[in-house]
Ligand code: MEV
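Only one chain is included here, represented as structure tokens and corresponding to the form predicted alone.
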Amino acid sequence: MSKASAPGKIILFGEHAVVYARPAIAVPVFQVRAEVELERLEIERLEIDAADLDKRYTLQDALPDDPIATIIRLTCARLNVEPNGLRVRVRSTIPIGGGLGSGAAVSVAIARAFAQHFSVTLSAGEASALAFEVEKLHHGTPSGIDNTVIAFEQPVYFVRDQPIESFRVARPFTIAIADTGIAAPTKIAVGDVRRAWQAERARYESLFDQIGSIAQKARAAIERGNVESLGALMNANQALLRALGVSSPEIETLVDAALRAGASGVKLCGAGRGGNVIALVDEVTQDKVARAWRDAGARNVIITQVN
């Protein structure tokens, strides 16, 4: 049996604008993971067991746009192997449609599991490239940031069509993550923003420029260890995401609750319209924010350290 996994991720700064070639910052979240097991079968077919999706089917019966089947076919083509005689078990603790990169994590974990099973070396860059092809099914016009940060498992400064940049976190800081409990398909939100951009291009280009500028300032602050300035940047980023039309009443409820509980900065994470909210906290405020979020209806709260 072969096993592999991949972490979740959060975008600290820059979502949506990153699709339009502005910079974004993303970091892995190791508290949640997608895990894949490959088991040999005595029959010439490939079975897929995705319990979290309540789906069990064969590769041969999968629809053409099925993401799991797609990454299996792409990976097997890359490895030059036949996808037969295997059962693929996919399990994940990453919420679906929450902005934590569940789709990319599943794709990367599957690619790694097949490479391990067939004793082929697959670099992080190759796993990322394979997952990116599947991201097109999930997101329509993906930026590539999810598959990049998940495959490389390190903080990244990402600009579309430019070389990946890792950067130094001079001083660790703590992020709390709250799940609104509302699945928000990225493809829909990204498509809505694109249509709005096409209708009001000058306005949206200005918003994207401002979001990109915040990401640049945030990287400089993180590299200097100036954690204290990140909260204001998060709040400014949230205001711009609100202006893009991707916030929601549920997100705003959690934003307000975290700020009242002492978080220094709060914003949505991912496509918006639901999904997750992140907050900059410390040892004093993290428990207060977590309690406030649960009282406000958050489905789950994760505390992670960026270092």
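Bear in mind that the values here come from a model prediction, so they are computed numbers and not experimental data. In case it trips you up, residue 1 is the first one in the sequence shown, and so on.
Note that the form predicted together with this ligand isn't included here; everything after this is about it.
- Of the candidate stretches 266-274, 30-38, 250-258, 50-58, only 266-274 has residues whose heavy atoms lie within 4.5 Å of this ligand in the predicted bound form.
- In the predicted bound form, no heavy atom of residue 25 sits within 4.5 Å of this ligand.
- Contact annotation for residue 79: none of its heavy atoms lies within 4.5 Å of this ligand in the predicted bound form.
- Not displayed here, this ligand is kept clear of residue 180 by more than 4.5 Å at the level of heavy atoms in the predicted bound form.
- Mapping the unseen interface onto this chain, residue 11 counts among the residues with a heavy atom inside 4.5 Å of this ligand in the predicted bound form.
- Taking this ligand as positioned in the predicted bound form, the residues of 1-35 that bring a heavy atom within 4.5 Å of it are, in sequence order, 9, 11, 15, 16, 18, 19.
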